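Shown here is one chain on its own, the form predicted alone, set out as structure tokens.
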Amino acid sequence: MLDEINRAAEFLAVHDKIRLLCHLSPDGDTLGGAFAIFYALRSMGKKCCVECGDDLPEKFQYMYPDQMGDFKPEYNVTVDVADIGLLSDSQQKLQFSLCIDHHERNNIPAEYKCVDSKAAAVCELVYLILKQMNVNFTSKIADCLYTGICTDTGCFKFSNVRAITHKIAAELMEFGADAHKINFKMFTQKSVARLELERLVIENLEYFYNNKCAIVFVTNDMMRSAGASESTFDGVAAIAVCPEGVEVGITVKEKDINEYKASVRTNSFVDASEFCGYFGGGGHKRAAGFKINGDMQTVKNKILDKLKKEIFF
């Protein structure tokens, strides 16, 4: 892994005019990693930009620069992007020079890869890469990296947390990361729309297989009723796995007519990434997802049948 970190550091140090690509429905980790690199490269006098196929969520506003700069990118670097399908249609046609990721399965056809599935967040890897580059860690860079780590670990409570995760977070706080402000904004402060959406999700949870599985469908009507936006939905998938005794929590979000995205969260013996792989998706051991088509009842039946066949025999 050290060789991959060194190669990634060398690539970023040597090249200029870099476009940093985040995945669709961007979260704190993809944005935090990309913007940390952005500020580091800018401090070295390089031209770079961050691009995402979706609008940037307002709640991460404190990470965004006033302007990116106008230039023609020559190199493309993906950050926290496990699958080519997680990029916009136009981005999928690009040539990728470097891929930095921490998912178990990664199909980005990049010339260089820095992928470690043991890392709790891609921002752990970005931190190590920037350290190798002898970057001056400003409070802005520290805020970006801390955001990625705390959001991808559920404020350090997920099973992906390692000792090094806490060590890196502590160093970032020493560099000026405002941990209190970030944790409050990410995990405590909620809009009225978010609280209303959570209420609807809890009311519509369904339990199966002796209450070991909980499934909820989040329809567009529910989103409209709650006054919720796509960014409001971030983190809602964790609710389904919260009830005591539930091993698999599945949140199925309506995207379009007969088009859904399922987010799977697991507690102990079920590998979420492996299960989602049956539907062409993937992710992490405890958090993964996949896309699925059909009407609501058909989608529910497909998921329950696969759960029964592969997990709850």
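Predicted model, so just to flag it, every value in this text is computed and none were measured. The first residue of the shown sequence is 1; numbering continues from there.
Omitted from view is the form predicted in complex with another copy of the chain, to which the following refers.
Undergrad: Another copy of the chain in the model of the complex: within 4.5 Å of a heavy atom of each of Ser159, Ala163 and Leu195?
TA: Yes, because Ser159, Ala163 and Leu195 each have a heavy atom that approaches another copy of the chain to within 4.5 Å in the model of the complex.
Undergrad: With the cut-off set at 4.5 Å between non-hydrogen atoms, does Gly227 touch another copy of the chain in the model of the complex?
TA: Outside the cut-off, so no.
Undergrad: Does at least one non-hydrogen atom of Cys155 fall within 4.5 angstroms of another copy of the chain in the model of the complex?
TA: Answer yes; at least one heavy atom of Cys155 falls within 4.5 Å of another copy of the chain in the model of the complex.
Undergrad: Using heavy atoms and a 4.5 Å limit, would one call Gln189 a contact residue for another copy of the chain in the model of the complex?
TA: Yes - in the model of the complex, heavy atoms of Gln189 and another copy of the chain come within 4.5 Å of each other.
Undergrad: Indicate whether another copy of the chain has at least one heavy atom within 4.5 Å of a heavy atom of Asp221 in the model of the complex.
TA: Residue-level check for Asp221: no, no contact with another copy of the chain.
Undergrad: Mind telling me which stretch in 125-133, 197-205, 103-111, 80-88 gets its heavy atoms within 4.5 Å of another copy of the chain in the model of the complex?
TA: Contact-bearing stretch, as computed: 197-205.
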